[in-house]
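Starting off, we have a lone chain in the form predicted alone, written out as structure tokens.
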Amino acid sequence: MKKRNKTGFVIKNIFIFAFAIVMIYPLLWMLFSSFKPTNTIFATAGQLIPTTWTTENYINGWKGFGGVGFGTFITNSLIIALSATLGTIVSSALVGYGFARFEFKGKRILFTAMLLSMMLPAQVLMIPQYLWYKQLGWVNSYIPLIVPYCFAIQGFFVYLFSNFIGGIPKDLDEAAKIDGCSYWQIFVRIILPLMVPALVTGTIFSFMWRWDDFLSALMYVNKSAMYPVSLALKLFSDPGTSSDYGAMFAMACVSLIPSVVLFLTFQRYLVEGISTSGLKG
């Protein structure tokens, strides 16, 4: 019986390892291709390890375009991602607190509307939003990429925080009320410190979604000097002339660093936040 269990354990882990290799192979191919000479990338597409190693792609890619270095694009992405993430987390935590702890007229209707908004494809709202932001004079600025997220427009995060707060015993609120705390003080002193796993989970998801957002930046940002990383990478590929795929792969690898570092740093909180927030159903 022990031998059979050991064999099953080995087979299961071999399968998991093989599946992981298949899933991560495109990322590995991009990473190793960034160290190949550009003119050999697709000629040796079936060869993972470069025959000739070079860092020229990183040097050329970091120079950027039109006098704008790639560091500027990274800075632009950081401004957008950090600002939008801060607005999302603060506003969604407040709204989630309201849904979890207060009873008010129309609560169920609003909560249902919030859930329905999660099922609505974002593409449906693109044209109305663009026309609205154009009338406000927000086009060709970062405002449409930041300000709307300060009003809890993403139901996922409201649902995440609301379920997490719902799992916090209300006895703590009652004890704080007896000590003279207002609702705001209860939120700041009691709820927020206990919400750290959920807040970190929301921060990771929000940052990665805003960092990778290509379509919104394509719609609202017109000046190349204002491009975020997601939009700047396409400049390396020009069907009309020549494309520097080596530099594009190199800068794509560089653009992954903030998300990877954030994920690895707070991975423990991510797992805890998801497992205790009610997302399991």
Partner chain sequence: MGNRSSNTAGNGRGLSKNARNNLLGYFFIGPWLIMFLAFTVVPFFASLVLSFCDYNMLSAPTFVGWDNYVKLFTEDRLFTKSLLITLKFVFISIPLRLIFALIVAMILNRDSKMVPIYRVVYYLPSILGGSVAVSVLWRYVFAKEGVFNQFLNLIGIPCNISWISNKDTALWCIILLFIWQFGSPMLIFLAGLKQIPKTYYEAASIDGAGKVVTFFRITLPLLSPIFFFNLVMQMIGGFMVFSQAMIITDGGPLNNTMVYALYLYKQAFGYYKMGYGCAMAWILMIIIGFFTLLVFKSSSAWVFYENQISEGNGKKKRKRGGKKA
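Positions refer to the first chain, counted from 1. None of the values given here were measured: they were computed from a predicted structure.
If you look for the form predicted in complex with the partner chain, you will not find it shown, but the lines that follow are about it.
- By the criterion of a heavy atom within 4.5 Å, residue 115 is counted among the residues contacting the partner chain in the predicted bound form.
- Contact check for residue 237: a non-hydrogen atom falls within 4.5 Å of the partner chain in the predicted bound form.
- None of the heavy atoms of residue 49 is located within 4.5 Å of the partner chain in the predicted bound form.
- In the predicted bound form, the partner chain sits within 4.5 Å of a heavy atom belonging to residue 170.
- The three marked residues, 22, 184 and 259, each reach the partner chain in the predicted bound form, with a heavy atom inside 4.5 Å.
- Residues of 130-150 placing a heavy atom within 4.5 Å of the partner chain in the predicted bound form, in sequence order: 132, 133, 136, 138, 147, 148.
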